[in-house]
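This document starts with one chain, in the form predicted alone, laid out as structure tokens.
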């Protein structure tokens, strides 16, 4: 017989599960609607239901008490803490902009649009589960929910060979890294005899003191890194990124560049950090004895940002250029991870927030230009400023923010990251990042130069609808605003670590 206390505690835990339940309910409604009333498959209807469901999923956050210390729920499979509280709205914002971009874009056909909205909602629910999970099995289930549905999203244009090829590459790379990470999970279970992160963390420090377990711990570390580096598109698991980004519909590319990437970094904070560090108090952490992973990860950070920026220099296709830019930004974000301080972790979360808006904004402009009859090549942007000044000014602001120029949000984000590594005296990494920032200035300015200083013999006639201008404006406001007044966001993030 199931104990009454068990049932009661799980029923109480359902209140923390509200956002995922609302999204699941919306997915079921849309599924039934699409089957029973197929003639209702209007893009606008699905867009409205999708956006409403995302907005409604945030409502439970208003009546739940603010998270202090971690509060486990649903048989301790999940935890309610600041990380869970913070990243749920983050994923909702990314998904909402993706649906709005998909609605305005013609890349996703009418027949598959309803499935696109469903999949975006489902991936969002998977990301929410992932960031709250505190059990290895639940982490893996959420990881696969997010991953497998992302593969389908990439290949949603079934008649497009580029989309199919991108989806196949994504599946193959994803299956390999997922299996590798799962093997790491099995080694941890063999070592500790538990799948609970709390129990694993307490046993790992003891295992690190035992020389007989060192080889096993190193293997576990490497297997975990394989999965996490793949999801964050970092070296040496970045190969899929340019091809997948280019082959996927642009709104989906935008979603992948911020949603699953942020989920990958959240996973670093949720289980990689507690597992392979010991908390020293006062926001300081120490790597487990014999596991000098911060040095390895610092090297990966430097290689990732350098490789991403150098490869972006030669790109003429904007989606591939932004894909390599995304790889470079993963390198910047790892700077905060290797610091082993609360300041470093806060800088990662802050940069993820500003990256969300500036990167989505850049991809939104690519969607506008492609939808107006242009292409994804830089040549299509020549002389565009005279035909669509607002769009070009917005693009310039997003690109300047991605470089890290003041007074935009990207500048403040990089200041936080640089301050974190300099305070820990990792000067060489700060120098590498500074050099890479200068390199990135060149390829971002190529786009700005094409828009404002070059002329096109033919050129495209671009007409940007009001809805798209409003969408760009809603991304511009935080990109500018967080560059001028970032203190409230910094205060919220300071509560997390």
Partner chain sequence: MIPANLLTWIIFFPLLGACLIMAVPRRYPSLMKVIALAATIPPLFWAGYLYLQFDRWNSGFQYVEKLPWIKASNIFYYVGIDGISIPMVLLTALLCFLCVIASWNITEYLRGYFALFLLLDTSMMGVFCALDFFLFYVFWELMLLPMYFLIGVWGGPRKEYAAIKFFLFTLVGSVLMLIVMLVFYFGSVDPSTGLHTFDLTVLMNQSAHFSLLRNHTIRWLCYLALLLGFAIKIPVVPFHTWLPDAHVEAPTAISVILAGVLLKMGAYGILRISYPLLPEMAAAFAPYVACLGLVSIIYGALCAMAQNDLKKLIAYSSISHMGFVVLGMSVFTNTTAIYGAVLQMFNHGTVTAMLFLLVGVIYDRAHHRDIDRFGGLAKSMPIYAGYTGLAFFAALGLPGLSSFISEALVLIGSFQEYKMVTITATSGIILTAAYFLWTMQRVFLGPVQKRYISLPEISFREAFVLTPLALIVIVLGFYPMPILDLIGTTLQHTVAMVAP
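Numbering follows the first chain given and starts at 1. Bear in mind that the values here come from a model prediction, so they are computed numbers and not experimental data.
Although it is not shown, the form predicted in complex with the partner chain is what the next lines describe.
None of 143, 268, 416, 170 but one reaches within 4.5 angstroms of the partner chain in the predicted bound form through a heavy atom, and that residue is 416. With the partner omitted here, the residue from 405, 149, 221, 378 that has a non-hydrogen atom within 4.5 angstroms of the partner chain in the predicted bound form is 405. Partner proximity in the predicted bound form, defined as non-hydrogen atoms within 4.5 angstroms of the partner chain, places exactly one of 56-64, 442-450, 43-51, 467-475 at the interface: 442-450. In the predicted bound form, the partner chain lies within 4.5 Å of some heavy atom of residue 412. Taking the partner from the other structure, the partner chain in the predicted bound form has a heavy atom within 4.5 Å of a heavy atom of residue 437.
In the predicted bound form, the partner chain lies within 4.5 Å of some heavy atom of residue 486.
Although the partner is absent here, residue 431 lies within 4.5 Å of the partner chain in the predicted bound form, judged by heavy atoms. Site residues 76, 161 and 194 are none of them in contact with the partner chain in the predicted bound form, judged by any heavy atom within 4.5 Å.
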